[in-house]
Structure formats: C-alpha cells, structure tokens
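Have a look below at one chain only, the form predicted alone, in structure tokens format.
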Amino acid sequence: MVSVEARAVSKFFKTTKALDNVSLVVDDGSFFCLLGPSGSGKTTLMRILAGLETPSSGRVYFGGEDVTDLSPSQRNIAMVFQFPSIYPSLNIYENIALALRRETSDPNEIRERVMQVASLLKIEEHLNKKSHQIDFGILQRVSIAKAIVRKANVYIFDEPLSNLDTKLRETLRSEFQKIHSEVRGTFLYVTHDQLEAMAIADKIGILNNGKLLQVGSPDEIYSQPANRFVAYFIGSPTINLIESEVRLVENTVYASVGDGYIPLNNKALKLFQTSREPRKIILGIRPHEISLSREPLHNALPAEVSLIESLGTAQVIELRNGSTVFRCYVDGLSDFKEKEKVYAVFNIEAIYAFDPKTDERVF
C-alpha cells in the first residue's frame, strides 16, 4: 500500500473541463472517498489516479514516485466496478484464485488466501457455484473478493454498491470498514451517496463541477462545511438555506427569517459589529437544530406548519414565516397539525452564514 497524490490535475474532453486544477493527498493505508453528484468529476479523477485516463495537465504520484505515465498494472491497482466482473465459465473459487496467479503458483497459498477472503466476504458456501447460480449481491461480493485477495498498492472501488437494493447496500456498507481493517490497504472509494461516504470513510473529498471543494473527516465536512454546496450536499434532512439580511441593533446581530428576526451568536457580532448597513447573507441551519413550541419563547420565531413528513420514528416538519419556508426535525411522533401556529427556536450556536456572491462560509 502507498500514498496517492494528485498535483494540479486538470482534464479536458474537447472543450469541456472535467477537472479543474485538482490537488489532493490520500494517505497510505487510509479509506478515502471521492464524493460528488453525477458529472462532478469524481469518476474522471478516479480514472486518472488509476491510470485509465491521462491528465491534460498535472501529475500523479504513488508513494512519492511519479506514475503519471504508468499503466494500471504498472501501478499495481486492484479495482471493483459498479457491475460484477466475473468469468461465467469458471466457478467462484476459480474466479478469485485467478486474480492470484501472477503473485504465486503455490496451490496451498492460493487456497489459504481464497478461503480468507471468502470468509471475510461471507461467500464460502458459493465457492463451487458459477455466476448464473447466485444473485447480484453475492456476485458483487465476489468482485470485491477478487480485488482484495491481491496485494495491491491501491484498491479502487467505483460506486460498487450503486446497483444493489437498499438492504444489500446497507449490509455491505456496514462491512466495508471491517474489510478495510483486515486488508489494511489504501482504499479509494467513489460514490455519489453522502450517507455511504459518511459511514465508511476516514476522509472525504467533495467535488462539484470539476473542482475539489473540501477535504476532511466526515465530522469536519458535516460540522465545518467550507461553502454552501458542501453544507447542502452533506446531511439528511438537507440543511435549510435561507436568504437573509443581518443588522446590528444595540450590540446584538439579528438575521431576518421571513418577516421576523432571530439573534446570532458572538461570532456574528465580531464579524458584523462595525457594520452600519444591513448585509445580505445565506443563513444555514440544519433541521435538527430547530425545535418547536406552542408557547411564545424568548427569541422564538413565529411560524405556521405547512407540511408534516413522517419518517416512522421521527418527523420532518415544514414551517413558513412570510414567504420563507424552512424545516425542522422532530424525534418521535408529535401531535402538531398542518396550519397550526407555532414558535421555532433556532440553536444560534449551530447557525452558518454563507456569502451570497462567493458561496463561501463566513462563520
């Protein structure tokens, strides 16, 4: 296993810029996720790191060595794709063993390593079967086994769970960290699913429109989003992003929400205490950080319930103040009703402000 580094990598397809000056480091032995929506550039970056594409500019390094001009086999890459890569004429044992033939010809070592990964992926009972005899979920486990049975420099997973049903995705997702700890390799995992990335990765790199927007641990990405897009893309239910205006009144900064105002914390005061004119911001707050009351509380915002979405063990309640709509998250099943008048209490320590021109977080 080795570290992986992209230095100022850009990629053009005719006049389309798929990657724009991307630089990142994947630490040796880490579990790194490239995360972003469709068309963000994550698959292009993965293919460049794997040696399947050549960058238009920039370089790629493995363990400090320039590998930009080396093929995937010369880089010693093991890969898993969205669709299982299985030879139908061979049984599952032979499919997995085939990946080892370049490393060893010792039948005892081959059998030992095949049985180890079969146990790890829970496919021992299928080793004598052929691909047409097992379902898609098991076939994808076989693809993963074929990759991790090798002693590769880097293991790359290109959306390996995207074609599985929800239950199978949840099951395999929960096992990936165990797989990584057993293999102890450098894992590079590509996905558009933020829940998947948050659940399994040591670090996440978020891409959008070919740009690398932020790299950090799941906690850092969630609690300290670098910009409006990252805040919106990470978290479920989605963060509230509200067009707002802040103003200083008697040494307190207030932000507009619809027709009302809420106070902000000392971070906002330090930032805006010299402002004499109102300033526009995008106010961000996650639904979990808004609570509801039927009684008027200090600094609570009056609102009307416009929609209630049941999640089984919780509810997402849509609220309206003036023309502004926002949502809160309520544990359990509440007895709030649509069109009911309520009071929303914002956790002022959990509010973000984004610059409406640059989208960068200002606090």
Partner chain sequence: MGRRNLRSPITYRAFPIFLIIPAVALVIFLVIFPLIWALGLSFYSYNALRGDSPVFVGLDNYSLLLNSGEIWRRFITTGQFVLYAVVLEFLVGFALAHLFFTKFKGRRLAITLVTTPLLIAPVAVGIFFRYIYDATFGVFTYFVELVTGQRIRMLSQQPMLAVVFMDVWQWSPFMMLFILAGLEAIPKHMLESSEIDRLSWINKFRYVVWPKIKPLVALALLFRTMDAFRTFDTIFTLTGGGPGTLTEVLSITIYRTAFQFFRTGEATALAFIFLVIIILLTNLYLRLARRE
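Just so it is clear, the model here is predicted, and its values are computed rather than measured. Residue numbers count along the first chain shown, from 1.
Beyond what is shown, the protein has a form predicted in complex with the partner chain; the following relates to that form.
Checklist line | the partner chain: the contacting residue among Ile290, Val114, Ala78, Val183 in the predicted complex [heavy atom, 4.5 Å] | finding: Checked against the cut-off, the match is Ala78.
Next item on the list: Please pick, from Ala226, Leu98, Leu195, Leu241, the one residue with any non-hydrogen atom lying within 4.5 angstroms of the partner chain in the predicted complex.
Entry: Selected residue: Leu98.
Notebook entry, point to check: Do Ala300 and the partner chain share at least one heavy atom pair within 4.5 Å in the predicted complex?
Noted result: Because no heavy atom of Ala300 falls inside 4.5 Å of the partner chain in the predicted complex, the answer is no.
Notebook entry, point to check: Even though the partner chain is not shown here, does Ile86 get within 4.5 Å of it in the predicted complex, heavy atoms only?
Noted result: Ile86 belongs to the contact set for the partner chain.
Item checked: Any non-hydrogen atom of Lys146 within 4.5 angstroms of the partner chain in the predicted complex -> Yes, Lys146 sits close enough to the partner chain in the predicted complex that at least one of its heavy atoms falls within 4.5 Å.
Check: Quick one: does Leu90 come within 4.5 Å of the partner chain in the predicted complex, counting heavy atoms only?
Finding: Yes, Leu90 lies within 4.5 Å of the partner chain in the predicted complex.
Check: in the predicted complex, does each residue in the set Asn163, Arg173 and Asp202 place a non-hydrogen atom within 4.5 angstroms of the partner chain?
Finding: Checking in the predicted complex: none of Asn163, Arg173 and Asp202 is within 4.5 Å of the partner chain.
Checklist line | Listed range touching the partner chain, judged in the predicted complex by heavy atoms within 4.5 Å, from 47-55, 314-322, 291-299, 27-35 | finding: Among the listed stretches, the partner-contacting one is 47-55.
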